[in-house]
Structures are given as C-alpha cells and as structure tokens.
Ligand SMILES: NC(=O)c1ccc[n+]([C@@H]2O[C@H](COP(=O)([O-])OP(=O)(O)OC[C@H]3O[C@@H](n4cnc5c(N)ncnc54)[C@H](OP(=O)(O)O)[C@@H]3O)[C@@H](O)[C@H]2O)c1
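Given next, in structure tokens, is a single chain: the form predicted on its own.
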C-alpha cells in the first residue's frame, strides 16, 4: 500500500495515474475527496488537513511507502507556510516511522535551505531536515525529491505568463536580483517519483536526494518571455495607459498580494548543481518548456 498526499495537484494527479496504471494500491490523504474526480473510486480515502495534529485512524495501516507531495508555496487560510511545509511534514514522517513504514519519499525543492532568500525554500530546507531526522530515529528509509520550478499547463507560472503576454511591455514582477531555474515538467517529476518509489530504498543512515531539473537554465527575465511564447501571445493586445499597466504589475509585488511568496521563488536560485543528471539516472529524459506545457 502506498500513502499519497497532494494527489489533487497538477503533479499529484499524474503520480496517482501512474501508480494505478502500475497496479499499486493507493490510499490518498485528502482534504476534499471530490477534487479527485472519478479517481476517488479507484483509491482508499483518508480525510486529512495539513494542520491536523493527528492522522485519521488506520491511515498508515498496511502502508509500505509514503509519497508526501503536499506543501503550498505560500500562506493559506488554514495556516502559515511554515506550519504547512515543516510541522505537517514532521508529523507525517514521525507517524510513518512509528507505524513501521519502510520508505518515505519527501518532495522538497531545489535551492531549499535555511539560508535561502525566500520563506518557501527556507521552509522546505527545514522540512527536509525534520523528515530525515524522523527517518533516522525511527529506522525508516528517506528519499528526498527536489524539483526546480514545476510546470504544467494551467499552473501559476503559465498563468502569469499568459496574463503578462497581454501587456505591450515585458514587466518582471520580482524585486531584487533574479535567480536561476531549470523548469521541469510535472509529468517528468511524476515519472521521477514513480521511479524512486519503485526503486531500491536508500540506507536508513544515508537518505537519498534526487535533484529534478529540466534541460534549460533561465533567469527570470528570460523565463517569463519564454513562457509567453509557449503559451501563445494573443493576436490582439489591450491598449491601456502605461501608468495603469505599471500599477497592475506593481500590485503583484505588494506585501499583501496572495502570490507574493510564489513570486519570491522566482528571485531565488532553484537551478541546482547537476542539471539533468539525476533525472537521467532514473531513466527519464526531460523535455523543455514546449513539452512541459503541451496538452
């Protein structure tokens, strides 16, 4: 039995499809089962919120592997970013180790670390540390899967590019010096998670870490125009006064904006150090932006 969190997200849906096609039995920890669509009849369900202090009874019964995908980019109505990415991960990993789970696959992020320049990557760095600690203490193998920016049509990165393509200027809604990234397709990340789940478990004392990065490296000033080209620039643009356009872009930068932490990730370095090496070692040949956003 595999326990999966984040099954309703762009990557999670792809992971779930692959697990079911391979014949795995899957139990999904979800807040709203309706978001699974027709797949909810193909899996076992356990209702869970990232802020719950306890897992529902029986959630870990018979589970051999946990794939922990859930972890938002910013604060949510139910809790702060740190609680949702660190505390929830620790609770789940600690409970999994106590229940005798053999393998905990934790999705982090490239660039994660306590010295990172944005809250999300700092939280992910702390999340990695507490999950590894729970695994070592509880005798559970841990694999960390750390992707760069994950792309799928309809996700916020593509949506921003589509919105910005309406403007006759090329604004960059990031303050400070932008970082580098190697965007990776959600489907390639899903393939990587399947390969790690089905592959050999690492030793308990030495957790594995897989860097999941695409073939091309971009700075944010290069990435947004490239995304605009892929998602398709409209034939007609909206003519608005430049001050209005600038005010609209500036609104994305204001501290109260809902996506401020997600935007801040663009200003951090998430390119990693090994390019596509780890993906290729898992037998995956990643596609570029066009392949990432196809379909």
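Numbering follows the first chain given and starts at 1. If you're wondering where the values come from, they're calculated on a predicted model, not measured in any experiment.
Note that the form predicted in complex with this ligand isn't included here; everything after this is about it.
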Counting non-hydrogen atoms within 4.5 angstroms of this ligand in the model of the complex, say which of 138, 71, 179, 125 makes the cut. 71
From the list 194, 150, 223, 118, which entry has a heavy atom within 4.5 Å of this ligand in the model of the complex? 150
My question is simply whether residue 76 lines the interface with this ligand in the model of the complex - judged by any non-hydrogen atom within 4.5 Å. yes
State yes or no: in the model of the complex, is some non-hydrogen atom of residue 4 no more than 4.5 angstroms from a non-hydrogen atom of this ligand? no
Decide whether residue 9 counts as a contact residue for this ligand in the model of the complex under a heavy atom distance cut-off of 4.5 Å. yes
State yes or no: in the model of the complex, is some non-hydrogen atom of residue 35 no more than 4.5 angstroms from a non-hydrogen atom of this ligand? yes
Counting only non-hydrogen atoms, choose the one of 215 to 223, 202 to 210, 127 to 135, 102 to 110 that falls within 4.5 Å of this ligand in the model of the complex. 102 to 110
Sequence order please: the residues of 35 to 63 with a heavy atom within 4.5 Å of this ligand in the model of the complex. 35, 48, 49, 50
